[in-house]
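What follows are structure tokens for two forms of the same protein chain, given separately as structure 1 and structure 2.
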Structure 1
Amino acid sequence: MLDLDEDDDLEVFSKNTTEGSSFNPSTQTSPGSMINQYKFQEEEEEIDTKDIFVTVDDPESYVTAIETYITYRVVTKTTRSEFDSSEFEVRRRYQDFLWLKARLEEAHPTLIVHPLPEKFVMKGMVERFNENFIETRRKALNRFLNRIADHPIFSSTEDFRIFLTADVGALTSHKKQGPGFLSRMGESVRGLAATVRGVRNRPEEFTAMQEYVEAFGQNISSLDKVTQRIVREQKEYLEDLKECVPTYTQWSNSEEELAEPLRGMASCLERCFTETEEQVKELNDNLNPTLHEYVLCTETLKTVLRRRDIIQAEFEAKTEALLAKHADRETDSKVLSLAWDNLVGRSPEEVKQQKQQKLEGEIKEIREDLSKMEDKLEWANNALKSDWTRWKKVMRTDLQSAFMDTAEKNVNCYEKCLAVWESFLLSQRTDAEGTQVSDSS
């Protein structure tokens, strides 16, 4: 998970308590499980067409007098002609990923860039660089880059190619070519003004998108919080389960007649502890990160929709400015101006002609700007509609896969635990019947 309440929520269980167990019943699973037979045809089709593969691995920590940071190895394999080679290996910091995301959003404001993991995920900075944190972030960064690599537009950008291939010096040089701070601040101010002004005639399909995002955000956020709570409760259950094992074992040493069933109980609890560990690990490694990624995605979608609205608001404002200029050209209420111009020796006709020429020039300039803005709005609308369809398809595949994997892990866990306890019951019934036969004889 990327946003958790407890410092131990990134814990990965690995202890195997089944070794040396005196009670080792066979476990049974369902070989014909419907889940095992399920296949994602779309994923199989994409494998044949994918031409760029990216892996983020091998994190390394660096400590300097100024800062402490982590770099990750980014390995790229591709058959694309725009790359100079078929394989590249570079090292990147988290801030480099932030830069790439910002550049993609800047160049394509109404396309959906999947989110990065939050900058800080722990309550205390002491835990910032522990192994679980680093591994969780590595997986999230790996998912982020593969989202970009799978995108038909983002994967073809120069920024993405340079991120994957350039050495540190070349990447730093390329970063400096971006817009300056004042330029970005000016764009933010204009965007804020457009947001305050709002849009008057938003197409219904984008209003429907906003409503969908609001509902989706509420649902996915609730699932995210509930799943985190389930993980915490399961970990508490595991701790209790773990304490029971030595208790039953010690008890068996002092109860000769109950020694075998007590050791059997201890062995069953050991096996169930191990299976539940794997179940919790599946939630932490698969379901939780997927849910939380789409919690963050909700904010991304809201931002993209706001950017589209800003473009439309600017277009509407420019349209209003053009109408105002047309109204000025038609009006004859310039008496005071004409009277003043007469005093300085200029004829009313000359003044009127000059004002008309000035207005015509302004109208022409506004029309040219309006034409460009109309093209920009049309492109933004089409880009968002296309990416929206693509995003929903990817989202549904991701969530369906995460739900199916979780269901399969739960079924396996419960089947194995059930088999453990059934075997224990069978052994106790057999022992009881043997005892009754012995007593009757």
Structure 2
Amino acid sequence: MLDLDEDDDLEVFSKNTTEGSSFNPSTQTSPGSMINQYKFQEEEEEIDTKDIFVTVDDPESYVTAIETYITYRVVTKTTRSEFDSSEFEVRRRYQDFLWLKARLEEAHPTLIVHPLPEKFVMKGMVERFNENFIETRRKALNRFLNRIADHPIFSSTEDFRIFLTADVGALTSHKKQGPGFLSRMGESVRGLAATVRGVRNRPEEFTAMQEYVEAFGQNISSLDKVTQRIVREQKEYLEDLKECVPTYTQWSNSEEELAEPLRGMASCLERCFTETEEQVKELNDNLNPTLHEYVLCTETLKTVLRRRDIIQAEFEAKTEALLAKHADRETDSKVLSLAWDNLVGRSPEEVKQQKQQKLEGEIKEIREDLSKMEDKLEWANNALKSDWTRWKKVMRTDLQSAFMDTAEKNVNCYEKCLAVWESFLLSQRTDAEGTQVSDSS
């Protein structure tokens, strides 16, 4: 199982899992140990042995001369030994979350990072500091952080630990370290080149994943739109329903016998209105954001698959380069270049030897690079495969509970309305009977 002695960088966890630790692919040792380290336990064990709890709450406005922004309180409770204490409380702003996400993606390009809520929502014309918007964002940030905490690899990164524990000053200075802008630029340029070149031999399962992501993305996007449409129509329906209430009340003022049942009608409609309003709120505040997050997830998945492709493309390019050099060596050994070398005063044999040596050197270098790249590719593929399985499980749970909650809320709403109308009916019928019997209580 886990060979901890092999790598001094690995930290010992109290978790009795064989999961990997915070590390960077470039400092890895043998592929074997790494793959072993990256094994996932069953979901139940994860929950049982959960040793870190995070919450995001208490949004507060922070006003300076230059800008106004919201900070959120991040509370951590943990028994992990790499943390100095068992409880932490810090304040973080949206930018900080963005930073964390970027760092995790950089370090683990083929792992799936849960999406963050978007910077600025245009759709609902929501203002940045609108209460509802802040609460929705807070919930999304909470979900994001919890996903990270639940992830075996992400939760053990140094960046994550610092995010949870460092004070604002320490965080700022930590942010300044790490690969700078230029190196990131270099990466993306290389990536672009590889993309243009394309992948030749993509394994079947990754193609299947891509197809799945395409289809899933379309479906989730449709569900998102459908839910938004339902919310819109319901809101308009509520507007109309609301108008009925004062009309019935007004009518009851003109009537004698009918006054009481009409007032009853007005009150029933009012109560149904309130219940339906809550139901719409549930859709808007829970189902909608969840679906939207998975729309964002689809983009993340596509990006991750692309990055994997790039790694494979680079590997393939290197392999071709090696073959080319081999071919060079072959042809070179056969060719005697005469004229130039005579001029320069070197013997053909000497020159040939020099060239061969140079080629050998180059080939060796390429071979070494290739070996590293092969490892990198293998690691990336396995990481993605495992994380994919993990992601699917989480997605299933998330969406299942989101839909179940919606169904539950709908049932509740209908049940409450049912009670309202049933009591109205009862009051009308007993009234009628009362007057018939001509002896009312």
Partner chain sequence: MADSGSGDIAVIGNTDLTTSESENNIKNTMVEKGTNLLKRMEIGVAEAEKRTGKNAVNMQETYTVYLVETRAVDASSEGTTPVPDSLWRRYSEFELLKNYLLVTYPFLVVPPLPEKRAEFVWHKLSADNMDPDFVERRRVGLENFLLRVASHAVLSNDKIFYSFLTEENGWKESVFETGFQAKADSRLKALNATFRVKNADKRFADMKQYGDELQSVISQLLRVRARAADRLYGVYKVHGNYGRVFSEWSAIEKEMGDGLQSAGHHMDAYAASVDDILEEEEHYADQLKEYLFYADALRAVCRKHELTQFELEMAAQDLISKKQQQEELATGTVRTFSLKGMTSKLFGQETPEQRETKLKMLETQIEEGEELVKERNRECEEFVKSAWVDIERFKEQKDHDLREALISYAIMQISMCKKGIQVWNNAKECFSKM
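In this text, rigid core is short for the largest set of C-alphas that superpose within 1.5 Å between two forms. Just so you know, these numbers come straight off a predicted model, no measurement behind them. For residue numbers, the reference is structure 1: its sequence is counted from 1.
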Next on the checklist: Between the two structures, is it 1 or 2 that corresponds to the form predicted on its own?
Outcome noted: 1
Checklist entry - Does the C-alpha of T64 move 2 Å or more between structures 1 and 2 once the rigid core is lined up? => result yes
Checklist entry - How much does the C-alpha of W421 shift between structures 1 and 2, in angstrom, given a rigid core superposition? => result 2.7
